[in-house]
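Let's start with one chain on its own, the form predicted alone, as structure tokens.
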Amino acid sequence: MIEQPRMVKICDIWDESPSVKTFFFKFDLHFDPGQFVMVWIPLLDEKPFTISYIRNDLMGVSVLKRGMFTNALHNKKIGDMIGIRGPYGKGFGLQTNPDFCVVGGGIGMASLATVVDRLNDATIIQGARTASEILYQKRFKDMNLCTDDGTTGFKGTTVDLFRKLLTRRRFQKVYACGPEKMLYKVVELCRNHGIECEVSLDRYIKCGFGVCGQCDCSGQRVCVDGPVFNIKELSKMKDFGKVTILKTGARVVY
């Protein structure tokens, strides 16, 4: 684990969608799918991102443009420098059985991309608001897609499509990442069908190593106890899917 930011050069940038770019850099790092790194822009801030690509000596992070930091990152060019520290957190417990499903909502698909790379024959469900926001379409050919507006695939949510697939498929394990309300419903479906499930929580992570408590969920620090949790762990977390903590520290009911 790298505790101090190591400066790396951006060696390639891919446009994944109108609002998502993947930034590639050379970095020698042992990474378990589901873990995250802290990306630092000097004189600005640092934010957590999962590794969404691992190819030989290259790693990549997929970044959704939505705030000051991510806008600054989207303005970076090939050859610019960023800082990387980590990895942090607990990743997915990958199993080599053939009957598993990956459920990704929005940018949450970035956390699941290396899961799909590690495992063969994944059933992939990916949802977005509209067709242009679907990620990794060339990378993963046989995804089950859904959009809120029906511009591609099934019209509806990832939960709706997952529920539909469960009427004709039996999965032994599900890996999921996306908005927490979505994850809550996926977990409930898995619990009702007796399916093992692990989800990656996307909460506001500030320090990355469990000091500030900003990412707390019912006493669990998402940055060190997660971000990946299983059904048994989630059943003890009363805030899961119901209460979140804003960057101001305020607790807000979903």
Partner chain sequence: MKLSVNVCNIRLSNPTILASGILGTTKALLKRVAESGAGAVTIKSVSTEPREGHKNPTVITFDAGMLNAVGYSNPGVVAAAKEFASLQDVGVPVIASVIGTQKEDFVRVVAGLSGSEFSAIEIPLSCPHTPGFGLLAGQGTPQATFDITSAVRKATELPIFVKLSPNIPEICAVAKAAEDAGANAITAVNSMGPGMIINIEAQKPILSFKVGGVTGDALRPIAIRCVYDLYKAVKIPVIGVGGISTGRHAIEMIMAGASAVGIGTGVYYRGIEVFKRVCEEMTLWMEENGFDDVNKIRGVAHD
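Numbering follows the first chain given and starts at 1. Since the structure is predicted, the reported quantities are computational estimates derived from the model, not experimental observations.
Here the subject shifts to the form predicted together with its partner chain, a form of this protein not shown in this document.
Candidate site formed by Ile13, Asp160 and Pro179: none of these residues places a non-hydrogen atom within 4.5 angstroms of its partner chain in the model of the complex. Contact between Lys206 and its partner chain in the model of the complex is found at the 4.5 Å heavy atom cutoff. Taking the partner from the other structure, its partner chain in the model of the complex has no heavy atom within 4.5 Å of any heavy atom of Gly67.
Contact check for Leu58: every heavy atom lies farther than 4.5 Å from its partner chain in the model of the complex.
Although the partner is absent here, Ile54 lies well away from its partner chain in the model of the complex, with no heavy atom inside 4.5 Å.
Between 25 to 33, 193 to 201, 58 to 66, 219 to 227, the stretch whose residues reach within 4.5 angstroms of its partner chain in the model of the complex through a non-hydrogen atom is 219 to 227. Contacts to its partner chain in the model of the complex (heavy atom within 4.5 Å) from stretch 240 to 254: Ile245, Lys247, Thr248, Gly249, Ala250, Arg251.
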